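The chain below stands alone and is given in structure tokens; this is the form predicted on its own.
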């Protein structure tokens, strides 16, 4: 990508550390690219996964979140919560087709003005190399935007929020049966749920446009036919989709609407 590309980058800074680090970089006259639009928040843990999706839906080329160093959070474990939520958003957005290098979570303290500048410079150079949103991603615009909207809906749903909110509980205290999960086990579980939620919302989005057979949905959405059938039947049982006749030997399904 040529150097005349001017990336649109959002930089979320926590009030107590990285934002103060930005101030220090400023008063110390440390130079770094001005492409980052700084958003000041009280804690990196306040970054909602849906806000990350929204940033890319509305055209951001990159999103950098800078919090406190682990162990130094003003709210004790806010940055650990941030890591968990951002990791979940990262996985869902990459599944949707976003280049994984467009989203980063890192740390900088109030005394690290040079580190703040370096992180911004490195991220700017990375995004400048990738180019505008859609140019180095799995899908071009506007298809990528439509897939990101599906990820946004999945991230807004209660299932993913509940699991990521319980990660520390399951890995420390265990579930109600006393079973303690390893990080690998809980991450594998969350990854499976992300895939299920993304596939489910992709099918709903496709059926909202027009009725379709399972084989056509599988081909369009690049989901294995047996898995597509599983998701469609689950949506049918939940009342979100219903049969809409038969075409040849294939049942057709259509979106029924949200159920109360």
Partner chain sequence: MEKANVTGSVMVVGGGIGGIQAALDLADTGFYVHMVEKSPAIGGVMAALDKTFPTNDCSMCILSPKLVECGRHININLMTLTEIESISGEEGNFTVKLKKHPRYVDMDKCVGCGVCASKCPKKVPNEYNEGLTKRKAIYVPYSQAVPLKYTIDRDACLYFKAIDAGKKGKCKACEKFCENDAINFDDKEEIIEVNVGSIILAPGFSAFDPSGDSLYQYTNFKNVVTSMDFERILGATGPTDGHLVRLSDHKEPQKIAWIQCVGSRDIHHCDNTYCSAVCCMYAIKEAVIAAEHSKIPLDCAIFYMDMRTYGKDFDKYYERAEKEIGIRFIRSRIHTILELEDGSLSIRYADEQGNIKHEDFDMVVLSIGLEASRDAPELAKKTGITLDKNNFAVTSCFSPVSASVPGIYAAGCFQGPKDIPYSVMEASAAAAAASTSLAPARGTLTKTKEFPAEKDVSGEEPRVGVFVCNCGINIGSIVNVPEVAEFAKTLPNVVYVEDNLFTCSQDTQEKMAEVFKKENLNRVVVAACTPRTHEPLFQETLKASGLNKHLFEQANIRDHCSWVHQKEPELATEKAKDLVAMAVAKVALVKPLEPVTIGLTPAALIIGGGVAGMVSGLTIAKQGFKVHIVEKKDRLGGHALDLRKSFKGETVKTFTDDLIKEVTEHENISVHLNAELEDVSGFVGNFKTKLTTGKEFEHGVIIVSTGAGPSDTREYLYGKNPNVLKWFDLDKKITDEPETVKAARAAVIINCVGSRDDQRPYCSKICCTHAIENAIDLKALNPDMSVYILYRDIRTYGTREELYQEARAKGIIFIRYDLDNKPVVKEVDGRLNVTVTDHVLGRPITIEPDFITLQTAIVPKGHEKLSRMLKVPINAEKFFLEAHMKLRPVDFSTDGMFVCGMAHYPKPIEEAITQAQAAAVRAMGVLSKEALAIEPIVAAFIDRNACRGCGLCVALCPYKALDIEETEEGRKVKLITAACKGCGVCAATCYRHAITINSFTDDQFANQIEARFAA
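All values reported here derive from a predicted model rather than from experimental measurement. Residue numbers count along the first chain shown, from 1.
A second form of this protein, the form predicted together with its partner chain, is not displayed here; the remarks below concern that form.
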Heavy atom to heavy atom, is residue 20 within 4.5 Å of its partner chain in the predicted complex? yes
How about residue 10 - does it come within 4.5 Å of its partner chain in the predicted complex, if we only consider non-hydrogen atoms? yes
Non-hydrogen atom contact residue 135 with its partner chain in the predicted complex at 4.5 angstroms: no
Should residue 55 be classed as touching its partner chain in the predicted complex when contacts are defined as heavy atoms within 4.5 Å? yes
Any chance 30, 49 and 158 all have a heavy atom within 4.5 Å of its partner chain in the predicted complex? yes
Among 96-104, 165-173, 185-193, 135-143, mark the stretch whose residues have heavy atoms within 4.5 Å of its partner chain in the predicted complex. 165-173
Sequence-ordered residues of 63-85 touching its partner chain in the predicted complex, heavy atom within 4.5 Å: 71, 72, 73, 74, 75, 76, 77, 78, 81, 85
